[in-house]
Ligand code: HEC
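Before any questions on binding or motion, here is one chain by itself as structure tokens, the form predicted on its own.
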């Protein structure tokens, strides 16, 4: 019988090889892959001071509702992964910090400490906790570079159910409502689309592309600048208010006409 000498492998050898391959792959990816939004975008771009300052602002003005680690509480949702765009939208429009809990945070006058610098710092801190949609560039929200005709088609297909044909807003359920867009800046409109604040669903870039979002912004800016050719616009809420106004005014005129005719007849008889 021939002796076959074989060197037996250790039972843990295959696991060691697998761990080595994973570690090698992770190292290559770390070196070669570009920095993404899901990473700490603020720190990666050198804005460490903004993150530190934003953390202090958050602890002073936001942590009571959203938690010290952005984990959320009974009175406020988690902010992990919402991104800088959500912070910029909510704070720049005065919705946050909220004055009091409610079905929906309304647009209001901003607090005295809120300015471009503090908003940027808060956004950098929240962005560092899980990433998320970034604040859009000026070019991405420039209505002059959009196609308002295409934007109108997209707006009518995706937004009029809540915001009305001209962005005048409307009532929703459970005390919520779609706000009018007359006071919203192009950047805030873009940020609302990518973050989906409150009752609004988010529209990511695979649903509505950045170019299409800019087209929609061009339409909103154009239509809210139009003058009503018929005179008083009645809030531009739509056919319901127009029909109601016509009904009330029309019935009132008919009643007045009937009273006038009756009075004339009485005068003739007397």
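Residue numbers count along the first chain shown, from 1. Fair warning: this is a prediction, and the values are worked out from it, not measured in the lab.
Heads up, the form predicted in complex with this ligand isn't pictured, but that's what we're talking about next.
Trainee: Thinking of 61, 97 and 178 as the candidate spot, does this ligand come within 4.5 Å of a heavy atom on all of them in the model of the complex?
Mentor: Per the other structure, all of 61, 97 and 178 touch this ligand.
Trainee: Under a 4.5 Å heavy atom criterion, is residue 124 part of the interface with this ligand in the model of the complex?
Mentor: Contact check for residue 124: no, nothing within 4.5 Å of this ligand in the model of the complex.
Trainee: Is residue 141 close enough to touch this ligand in the model of the complex, meaning at least one heavy atom pair within 4.5 Å?
Mentor: No, no contact at 4.5 Å.
Trainee: Is residue 201 close to this ligand in the model of the complex, meaning a heavy atom pair under 4.5 Å apart or at it?
Mentor: Residue 201 belongs to the contact set for this ligand.
Trainee: If you check in the model of the complex, is residue 65 within 4.5 Å of this ligand, heavy atoms only?
Mentor: So residue 65 counts as contacting this ligand.
Trainee: Give me the residue from 75, 147, 117, 137 that has a heavy atom within 4.5 Å of this ligand in the model of the complex.
Mentor: Filtering the options by heavy-atom distance leaves 75.
Trainee: Heavy atom within 4.5 Å of this ligand in the model of the complex: which residues of 181-199 meet that condition, in order?
Mentor: Stretch hits, in order: 181, 184, 188, 189, 192, 193, 197, 198, 199.
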